[in-house]
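What follows is a single chain, given as structure tokens, in the form predicted alone.
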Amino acid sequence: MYFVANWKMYGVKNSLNTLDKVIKFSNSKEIKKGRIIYCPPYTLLSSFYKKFQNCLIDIGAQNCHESTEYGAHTGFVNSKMIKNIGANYVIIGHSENRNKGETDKLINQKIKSAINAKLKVILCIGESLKEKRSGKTKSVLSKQIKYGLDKIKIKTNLFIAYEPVWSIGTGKIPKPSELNQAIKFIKGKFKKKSPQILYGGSVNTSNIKNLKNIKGLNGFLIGGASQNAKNFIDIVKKTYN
């Protein structure tokens, strides 16, 4: 199981002190075969890399520029720079970025650049509340997968994070039947071996007991709850217990 901590636009250098408990936990037998990945803001990637040198925790970025080369793109960071700093993962297509104008075409370009830099990609897909109520969940997911992964043959380093937009930060999660259907549908879009499937959207210590029973899930993309070491550890523990 994968536990991806998306810190979003939170965290300063002092935040590193909160990670000691997680580092100790990551070296214990309690985590079993679980993998922890932290995705902090760009400003903390280097600090996180140094902090996790002597443990099994990995790091990733929250986005990347689509260019495979360096260039005059003020304020942006590309996959090569992310890989160079020690990260192995990158989140692409998060709904918060889609809402700011990130298109499936741009997401596709970013995924290609990330794979080229040998990063593992966590592609976020999900429907809005309006789309859900209109019965368009499957058509939205199908479109995001089709165009996001257009002409991408190498899928071994790919994760699909199903994040219903209406669930992110709201405390609401899909019904087990809805989530089972969505996961089954996503897996069915891949003719051969399906990518690892994560669920994201208001994952917390209270609902993890229900979420862990969803068939076909390979882990979770965790937002707010990952910023608190105790809550994050509890989520991992409750996944196995």
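Please read these numbers as outputs of a predicted model, since none were measured by experiment. Residue positions are given as counts along the sequence shown, with the first one as 1.
Although it is not shown, the form predicted in complex with phosphoenolpyruvate is what the next lines describe.
Taking the partner from elsewhere, every residue among Ser167, Ser202 and Leu221 has a non-hydrogen atom within 4.5 angstroms of phosphoenolpyruvate in the predicted bound form.
Stretch 92 to 100 is the answer when you ask which of 130 to 138, 70 to 78, 92 to 100, 113 to 121 has residues with heavy atoms within 4.5 Å of phosphoenolpyruvate in the predicted bound form.
Residue contact with phosphoenolpyruvate in the predicted bound form: Lys238 places no heavy atom within 4.5 Å of it.
Counting a residue when any of its non-hydrogen atoms is within 4.5 Å of phosphoenolpyruvate in the predicted bound form, the hits in 1 to 38 run Asn6, Lys8.
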